[in-house]
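The form predicted alone is given below as one chain in structure tokens.
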């Protein structure tokens, strides 16, 4: 078949001003096999897509080259568009002229953009079609963790018709919600929220709840995970198509920064909540209460919300004078700014420090000394009670589970997501999602956003009961494979396994649905037994040859 290439240049709404698009069009129109070169302002929008589709059909082209933004942002949409036009989606080549060109330089970059496009064109000439096939998937979902995020995930999956199994390590559902009476001050109280969610789960038709249970092993790939669950001394296997981890967080102990042991007068936020729930524990109501933030963690949303809610609570219930010592009060959570203004309006004082406050005990009270940077004066405050912050820490067992799942941890010990901006709830393995505080410091509103994203991802994978994959986009040549296991060790997505092809030989096999097409296996294979369509040696060399033409 003769190669006939259509080229679409997008100037991103006229924002790529350091590229001369008419000049590029004039150069490319002279190349062999190029049917046309169009300039667009909005290829990613609906009208741009319609114009692109109309042009492809009218010119009957069989290769498409697009110069636009990063393929990470637009490739999937363009491939779906080509598929709807009955053109093999693998006949698409993208040149990133925004992030890798225009945005990377201040001066005119027309020459660089032209080279990137020539490389994409040379690659397009050698692209081969890929067969698409259907793969059956298990529609049951495992949710690990019975706190707010886990319960909400289970309910949303059930409402969408997917069967969900909720596994909770404790003896009852609720997690931190059961401990946070009067915590957030946003919407319904945690107790009311927990009650309504528990009733909904008990009445759910597609929901199974396993309390006092934990996950001990995970094998397989997206669409067909085999999970071993331990409950009551018994361990049994179950099959799931996807897994959502919502294991929450645990509150840290009193930070060592204070160099004082916890006492009757120095307590944690959690201790204060317990006292607020059972005030009879107090011999007398405290007249002055101090709160300290930003000593162990300057960016904790949860700690800030705790302080604001608890300061308002002691003001309302006991009429105590409340003082908050902080470096930078983080109020970017949903409703937190309103909560802060309410606290100021009720007379709660906020004192901003740079150097860590000095704390000592004096005459049965706690003395806090700090320099207020706004007043420029040294402040000395004697408190009946000093409430220090708690740091959100990864839940117990996180490291063991990450090893079982082959998922990395971040510098704080939380689960590492795939991409904090583009794929915040995706783990490194397709079909395994991370929601809520198990992936970092998140408040309830952000946890709800996590749940919505994860449930949408699960539905996209499992709702139809089958998945469409590109067969052998990455393939192993069994004659070259030496079963050295290098590819299996380095694959971050768990998409490669060892299979027996005859009675004498085992070779690596790529599981198409789990493969994310990162290319690490093809690059590192010492026997060069793995081919990656779209990045073959011939195609890469053709791109290199286009440089400097």
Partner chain sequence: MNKHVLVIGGGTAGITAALGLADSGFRVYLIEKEAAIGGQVASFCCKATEVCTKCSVCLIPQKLSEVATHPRISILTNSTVMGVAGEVGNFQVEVWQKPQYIDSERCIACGLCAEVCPAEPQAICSPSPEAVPLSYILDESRCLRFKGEDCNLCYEKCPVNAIDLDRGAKRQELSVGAIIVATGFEVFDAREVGPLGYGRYPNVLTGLDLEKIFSHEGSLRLPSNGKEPQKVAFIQCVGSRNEEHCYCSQVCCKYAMRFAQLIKYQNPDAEVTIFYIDLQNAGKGFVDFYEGCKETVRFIRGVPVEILENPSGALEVRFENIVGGKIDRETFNLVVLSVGIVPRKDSWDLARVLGINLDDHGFFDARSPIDSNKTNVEGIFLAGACHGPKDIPDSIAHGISAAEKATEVLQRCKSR
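Bear in mind that the values here come from a model prediction, so they are computed numbers and not experimental data. Residue numbers count along the first chain shown, from 1. Under this definition, the rigid core comprises the largest set of C-alpha atoms superposing within 1.5 Å between the forms.
One more form of this protein exists, namely the form predicted in complex with the partner chain; it is left out here, but the text below deals with it.
Residue heavy atoms within 4.5 Å of the partner chain in the predicted complex occur in exactly one stretch of 168 to 176, 274 to 282, 330 to 338, 393 to 401, and that stretch is 330 to 338. Taking the partner from elsewhere, residue 118 is found to have every heavy atom lying beyond 4.5 Å of the partner chain in the predicted complex. The partner chain is not shown here, and in the predicted complex it never comes within 4.5 Å of any heavy atom of residue 509. Mapping the unseen interface onto this chain, residue 47 counts among the residues with a heavy atom inside 4.5 Å of the partner chain in the predicted complex. Residue contact check for residue 346: none of its heavy atoms lie within 4.5 Å of the partner chain in the predicted complex. For a residue to qualify, one of its non-hydrogen atoms must sit within 4.5 Å of the partner chain in the predicted complex; all three of 160, 374 and 416 qualify. For the options 366, 322, 455, 243, the residue carrying a heavy atom within 4.5 angstroms of the partner chain in the predicted complex is 455. The single contact residue among 460, 378, 287, 134, judged by any heavy atom lying within 4.5 Å of the partner chain in the predicted complex, is 460.
Scanning 91 to 117 for heavy atoms within 4.5 Å of the partner chain in the predicted complex gives 98, 103 in sequence order. With the core held fixed, residue 339 shows a CA shift of 2 Å or greater between the shown form and the other one. After superposition on the rigid core, the Cα atom of residue 399 is displaced by less than 2 Å between the shown form and the other one.
Annotation: Cα of residue 99 displaced by at least 2 Å between the shown form and the other one, core superposition.
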